[in-house]
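To begin, one chain is listed below as structure tokens, in the form predicted on its own.
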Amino acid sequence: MTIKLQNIKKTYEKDGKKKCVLSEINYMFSENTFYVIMGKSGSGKSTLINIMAGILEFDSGEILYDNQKYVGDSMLSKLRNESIGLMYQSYLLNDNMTAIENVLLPLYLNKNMTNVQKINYVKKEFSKLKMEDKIMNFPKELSGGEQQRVALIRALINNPKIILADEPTGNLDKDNERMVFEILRQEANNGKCVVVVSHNPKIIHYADAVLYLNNGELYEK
């Protein structure tokens, strides 16, 4: 699935002053490609990711997913449920659910699997990230890095066509960092459109395209 940004503009207002974060962004994100977006803190990277996910409204412009426009909360919710895997910088795990329950949540709408199949499937995904012994832990019982890996499993569990990740390795050690990069690289090789916001220069070695966001402009080097 492709994402086409056409003249996307986003402005914030603070203390009576307007700041243009995104200035008429034009770019096509394609399937089978691993993109990295880099830039200084406050440059609008997270804003852009949330706009691409259909979570944050933009001031003007248009976004097309496979050349189709999605308008309204119901259409965007359906798009996210079926086609977009999101990994947030702050994890956004439900503190009242165990790790496995957090990951099972996006699968509840999947009518093609029984509950037993869903649980077995999720357990296998935890094993891939060496988290099989943490499935019954609550988020507060997990380290930041462990929560980050649970968030990644949740983002990928519905086999999304688009993967959007905001700083997916910020709290990981070197081994787990490399493992996450390799997983995202493999997802792109499998035909997914993978877009990652990161400050980590190591990710450049895994990417097909490196983009920079600066002064409201998105450009490729």
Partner chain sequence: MKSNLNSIISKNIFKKKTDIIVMLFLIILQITLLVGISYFGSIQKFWNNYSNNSYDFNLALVTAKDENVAESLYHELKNNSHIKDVFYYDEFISFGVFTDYVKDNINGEVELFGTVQNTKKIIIGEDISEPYTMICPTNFLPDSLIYSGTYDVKNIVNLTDKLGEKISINYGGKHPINLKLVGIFDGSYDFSNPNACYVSHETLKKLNDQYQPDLQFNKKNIYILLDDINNANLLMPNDNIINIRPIKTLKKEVGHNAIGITGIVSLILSVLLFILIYALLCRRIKNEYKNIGILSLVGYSKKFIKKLYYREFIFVLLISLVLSNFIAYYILENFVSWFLFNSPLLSLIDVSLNPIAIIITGIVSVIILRMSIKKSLNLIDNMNIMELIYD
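Numbering follows the first chain given and starts at 1. Since this is a predicted model, take the numbers as computed values, not measurements.
Keep in mind that the form predicted in complex with the partner chain is not shown, yet the notes after this line are about it.
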(Q) Heavy atoms within 4.5 Å of the partner chain in the predicted complex: which stretch in 50 to 58, 169 to 177, 188 to 196, 22 to 30 meets that? (A) 50 to 58
(Q) Counting any non-hydrogen atom inside 4.5 Å, which residue from 143, 112, 127, 77 sits next to the partner chain in the predicted complex? (A) 77
Q | 4.5 angstroms heavy atom contact with the partner chain in the predicted complex for residue 86 | A | yes
Q. Are any of the heavy atoms in residue 117 no more than 4.5 Å from a heavy atom of the partner chain in the predicted complex?
A. no
Q. Taking the shortest heavy atom distance, is residue 206 within 4.5 Å of the partner chain in the predicted complex?
A. no
Q.
in the predicted complex, does residue 73 come within 4.5 Å of the partner chain, counting heavy atoms only?
A. yes
(Q) Using a 4.5 Å cut-off on any heavy atom, which residues of 120 to 138 would contact the partner chain in the predicted complex? (A) 136
